[in-house]
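Below, in structure tokens: the form predicted alone, a single chain.
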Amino acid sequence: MKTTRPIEIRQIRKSYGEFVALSDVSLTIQPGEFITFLGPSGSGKSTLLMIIAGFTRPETGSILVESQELVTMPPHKRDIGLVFQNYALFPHMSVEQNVAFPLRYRSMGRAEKRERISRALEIVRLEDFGARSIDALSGGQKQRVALARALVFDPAILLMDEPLSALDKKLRDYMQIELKRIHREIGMTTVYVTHDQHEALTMSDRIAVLNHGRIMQIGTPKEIYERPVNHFVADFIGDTQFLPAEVDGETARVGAEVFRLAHSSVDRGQKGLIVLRPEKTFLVGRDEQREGINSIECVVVGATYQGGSVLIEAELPWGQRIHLRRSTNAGTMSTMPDPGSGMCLAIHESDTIAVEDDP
């Protein structure tokens, strides 16, 4: 059975002694949504997942699904599939036996069980691996077996706790695409936990960014990346640098220059930070026309070749150094500025946002 109503998480609080893991966390997860809890170690993301699963009990708060309270419900009655970071497979069982395990204590005929097992293996593209032993599988195959086992009983909610962290980068990138495909195919409400921003941006319908037990921001990947609400979110998502600024409504003073802002979360007259992404920042000559562009004088310090791009370092008038990235397309290297060149660091007005200078 799939959930047809939102999962309502209301004012969840959990502490361990003096450490507050979650502080009045509230959010709504839509039916069929792939939502990611993203944050650094100790942010509370896994604790929140374990509370939804039923393995951790909050001190206060409520989780409602289909008008049922989950907080007081035993884990085995929550109709939740869970994929762990370490796979948690039975090494003495075959692939098929591992996938079949959740069906042992469910009332259904042998034919239906066979059909469900076949369907789960087909979804994860392991239909020809049923007889194999777990030890004969690669890391990615083991992860897909764990996923098939979580899906085989058709749970209402799928929870995934950093399931790709043990894989190498190439395999992790492949599995991100696979998990996105599977979610698109089955449409199951999925809650995913990771500290990897690239995973979150690649796979999610929405991302909830957590820090110190609180939700900093919830939004689509584009909203989180393009419109972070504070310093922490902007710094945690992407390769981010900041320029100190004094914000005055739709403009901000940066050094001796005035930048026009596309967006700001800073109150008028307050100090803030201009968010710089290396791929959105570029260099222009000091005498070039700059309509629609914010810029400030700088001196090129050096450039580092990195294969598909060159990382340029530039120094601003007050000594701060900024990195920007330039593609190594044909002709790029021949036009690269020399160290010591006087240029202007530039960013389009449409890409210029200011956030609060919070710790």
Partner chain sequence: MRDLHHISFWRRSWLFLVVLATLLFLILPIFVVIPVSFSDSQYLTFPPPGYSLRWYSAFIESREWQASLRASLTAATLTMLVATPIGVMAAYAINSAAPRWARLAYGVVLLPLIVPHILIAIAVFYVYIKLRVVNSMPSIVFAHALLAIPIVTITVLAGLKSFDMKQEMVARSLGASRLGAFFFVTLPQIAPSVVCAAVFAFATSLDEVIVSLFVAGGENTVLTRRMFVALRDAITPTVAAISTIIIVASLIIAGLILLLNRRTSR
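Positions refer to the first chain, counted from 1. C-alpha atoms forming the largest set that superposes within 1.5 Å between two forms make up the rigid core. Remember, it's a predicted structure, so these values are computed and weren't measured experimentally.
One more form of this protein should be noted, the form predicted together with its partner chain, which is absent from this view; the next part is about it.
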Among 176 to 184, 275 to 283, 83 to 91, 249 to 257, which stretch has residues with heavy atoms no more than 4.5 Å from its partner chain in the predicted bound form? 83 to 91
How about residue 305: is it within 4.5 Å of its partner chain in the predicted bound form, going by heavy atoms? no
Does at least one non-hydrogen atom of residue 110 fall within 4.5 angstroms of its partner chain in the predicted bound form? no
In the predicted bound form, is there a heavy atom of its partner chain that lies within 4.5 Å of any heavy atom of residue 101, even though the partner is absent here? yes
With the cut-off set at 4.5 Å between non-hydrogen atoms, does residue 129 touch its partner chain in the predicted bound form? no
I need to confirm a contact call. Of 293, 50, 299, 296, which residue comes within 4.5 Å of its partner chain in the predicted bound form, counting heavy atoms only? 50
Assert contact residue (its partner chain, in the predicted bound form, non-hydrogen atom within 4.5 Å, options 170, 268, 198, 106) equals 106
Indicate whether the candidate residues 75, 149 and 153 are all in contact with its partner chain in the predicted bound form, with contact defined as any heavy atom within 4.5 Å. yes
Taking the rigid core as the superposition reference, indicate whether the CA of residue 88 shifts 2 angstroms or more between this form and the one not shown. no
Using a rigid core alignment, state whether the CA of residue 223 is displaced by 2 Å or more between this form and the one not shown. no
Residue 135: Cα shift of 2 Å or greater between this form and the one not shown (core-aligned): yes
